[in-house]
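Encoded as structure tokens, the following chain is the form predicted alone, with no partner shown.
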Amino acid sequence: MENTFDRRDFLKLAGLGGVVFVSGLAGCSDMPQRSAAGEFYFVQLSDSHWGFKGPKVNPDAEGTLKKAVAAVNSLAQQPDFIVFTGDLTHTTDDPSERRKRLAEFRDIVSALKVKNVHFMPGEHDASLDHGEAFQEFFGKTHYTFDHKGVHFIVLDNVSDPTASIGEAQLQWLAADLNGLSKDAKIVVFTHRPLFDLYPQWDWATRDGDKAIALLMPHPNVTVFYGHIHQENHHMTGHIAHHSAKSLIFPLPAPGSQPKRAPIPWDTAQPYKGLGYRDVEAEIERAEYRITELPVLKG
């Protein structure tokens, strides 16, 4: 018999806790249990850093991504689509090695049962060559797509090494938003946070406030991002911003220690702090219910 888990029982079977949030017009609030009202759902994975080496940080660096792929494939109900929110690979100064890592990452995730997969770069993938290698393997670094009444916008705030979106892309965003109705349901995917979470650790986008200003006239906007290797939930006005855990190593809370350094591997609790999430969309109310799922020992 195929080894499958219903995603609603996944956390219970894993013996691990999860956090559930709803983002919508009323903001972000705890929910006691998950609802069956979602009209579709997708899976967000982030910061796999394929090519990273660091036994004290993750001795299973070459296996964690594959375990995450297997975990997603084992869900009894497969998601409508999957999105990787950047840092697919770990940075390297060698262009040929960069392409090798991107190719290896592509080959690993090709094993996903769901073939509707969206990719975006992180600074580790794109900042050293302005996204050139990334585009060779995965196409555009910023784009839009629509799914069941929701308009998805993928923003690139990493290909510019100054951590900016840039005027050209902001103009593109403005034109895209101008073509939407005022009450359009909008989800934005980005790698870095658009707001100033902790600029001292590069946890910000230099011109992110301009993107937020363009989004603000629309009442139904939610942002999902990666980069900080942990959960964080933040509001800018009525816009909820949700960061995702990493698939390679967790990072400390913003400003909680002098330097931004990976949290060491805990042999007593392997894969602690690593994971991915599924997001249920309730379209009519523009709400998104988030469930954090763990990476298991496999």
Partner chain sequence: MTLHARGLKIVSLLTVLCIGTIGAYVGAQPNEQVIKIVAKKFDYTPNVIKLKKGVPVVLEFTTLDIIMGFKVPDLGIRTDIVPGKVSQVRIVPDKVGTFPFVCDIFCGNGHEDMTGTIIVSE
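Positions refer to the first chain, counted from 1. Since the structure is predicted, the reported quantities are computational estimates derived from the model, not experimental observations.
From this point on, the text means the form predicted in complex with its partner chain, which you will not see here.
Using a 4.5 Å heavy atom cutoff, Ser127, Asp202 and Lys259 all lie near its partner chain in the predicted complex. Just one of Gly166, Gly149, Pro161, Pro219 comes within 4.5 Å of its partner chain in the predicted complex, counting any heavy atom, and that one is Pro161. Between its partner chain and the residues Arg206, Lys113, Lys100, Lys140, the one pair within 4.5 Å by heavy atoms in the predicted complex involves Arg206. With its partner chain omitted here, the record of contacts in the predicted complex names 193 to 201 of 140 to 148, 193 to 201, 167 to 175, 105 to 113, defined by a heavy atom within 4.5 Å. Taking the partner from elsewhere, Asp93 is found to have a heavy atom lying within 4.5 Å of its partner chain in the predicted complex.
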